[in-house]
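The chain below stands alone and is given in structure tokens; this is the form predicted alone.
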């Protein structure tokens, strides 16, 4: 078992509503630690149960996707007692900040379509949760809101969130970005399934809101 004293904290990568994500070092290796922090508005017993359950669920999703060749961080260790996942550190820039996002759009479509074909959804598919590296390609990260056995609407929510994120990050390029994304997506699942999911995206868009997990 890894000992807490073996870890050297380098920097905080992100502070979210649910977890703090840090870059750490362990025996010369760069890792990422995702720690689901306690919530005072829940009773201690319920809080511990919720954090453990969500930590285990995310680890299972990552293991499943990794075993099936999807570009996600490799889980190295899970500390359920403290609700921490230790995983592979990935080099890359968030796609929302990348200088050439169109370069990655079609490949992203293939990746998301492959994941959806496994009936897994990301749940928070924004450009902030997609890393692009010159040498490493694309990686999907932060699966805290992900789900197994996803239905058509949940898959459509993924695409709807991505569309909104692109429109916010680079409005002048978002239409072309989504066109390329859908070309890659269709290449994997086919035109019929792509048309079905796009009809559901239109329905979600018309409601003016979408389902938020968690």
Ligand SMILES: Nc1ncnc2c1ncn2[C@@H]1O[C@H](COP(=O)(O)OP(=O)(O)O)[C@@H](O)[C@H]1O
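Everything quoted here is computed from the prediction, not taken from an experiment. Positions refer to the first chain, counted from 1.
The form predicted in complex with the named molecule is left out here; the points below concern that form.
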Margin query: So, residue 82 and the named molecule: in the predicted complex, are they within 4.5 Å at any heavy atom pair?
Written below: no
Notebook entry, point to check: Does the 4.5 Å heavy atom contact test between residue 90 and the named molecule in the predicted complex come out positive?
Noted result: yes
Next item on the list: Examine residue 94 and determine whether its closest non-hydrogen atom to the named molecule in the predicted complex is within 4.5 angstroms.
Entry: yes
Margin query: Whether residue 16 contacts the named molecule in the predicted complex should be assessed with a 4.5 Å heavy atom distance threshold; does it?
Written below: yes
Next item on the list: Just give me the single entry in 108, 78, 115, 141 that has a non-hydrogen atom within 4.5 angstroms of the named molecule in the predicted complex.
Entry: 141
Notebook entry, point to check: Across 169-202, which residues bring a heavy atom to within 4.5 Å of the named molecule in the predicted complex?
Noted result: none
